[in-house]
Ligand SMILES: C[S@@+](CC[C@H](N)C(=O)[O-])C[C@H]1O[C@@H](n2cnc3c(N)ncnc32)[C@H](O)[C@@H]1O
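Quick heads-up: it's one chain on its own, the form predicted alone, in structure tokens.
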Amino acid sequence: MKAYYDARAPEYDDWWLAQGLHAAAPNDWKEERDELVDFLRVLPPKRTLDVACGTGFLTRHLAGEVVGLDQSARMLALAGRYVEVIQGNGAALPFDDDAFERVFTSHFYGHLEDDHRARFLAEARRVAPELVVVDAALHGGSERAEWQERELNDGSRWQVYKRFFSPEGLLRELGGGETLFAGQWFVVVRAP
């Protein structure tokens, strides 16, 4: 997964911006993306760790003191324009217990297979009392996991594991909490 995101870093924001290979994104996706960004801007400010921050596209909209963590040095080079960044692994967070007030993660949890999910959740709970997860919502189907083939601008193709969530299903996995945002394309939940 690290090699894929290293390769994707220069074009990662194309997905968020619906340009390049992602230019055909439906208008309702773009509108909901903008609603998501507006929603994140009004989350109460907290000392936040953004795990798998990528380029910092969403990270930069979080209020408070924010630290971005990612395995990819190429992603961090871009995210560093917005926040303090640290290279590291979401399954072994390089921070003391209760170092943050919130762990935030976007489109990371849905890429984790079973054993990695459990390790990430244990680490997130160790470093902060609150976890906010943004991920891909179910749109027109039942909960599912799949291997996707993703193509980059250079024509390379990568196999990526991806899961899609209903708010209720995601909260069940996280052990409870509340839905903060539920759309056709994105879901945001908060778990204690």
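Residue numbers here begin at 1 and follow the sequence given. This one's a predicted model, so the numbers in the text were calculated from it and none came from an experiment.
Beyond what is shown, the protein has a form predicted in complex with the ligand; the following relates to that form.
Contact annotation for the candidate site: G110, F164 and L174 all lie away from the ligand in the predicted complex (no heavy atom within 4.5 Å). Checked against the ligand in the predicted complex, the candidates L69, L62, A124, V133 yield a single residue with a heavy atom inside 4.5 Å, and that residue is L69. In the predicted complex, at least one heavy atom of M1 sits within 4.5 Å of a heavy atom of the ligand. Interface membership of Y12, defined by any non-hydrogen atom within 4.5 Å of the ligand in the predicted complex, is confirmed. Residue contact check for L49: none of its heavy atoms lie within 4.5 Å of the ligand in the predicted complex. At the 4.5 Å threshold, heavy atoms of V85 stay clear of the ligand in the predicted complex, well away from it.
Contact annotation: the ligand lies within 4.5 Å of heavy atoms from the stretch 52 to 60 in the predicted complex, the single such stretch among 52 to 60, 124 to 132, 22 to 30, 151 to 159.
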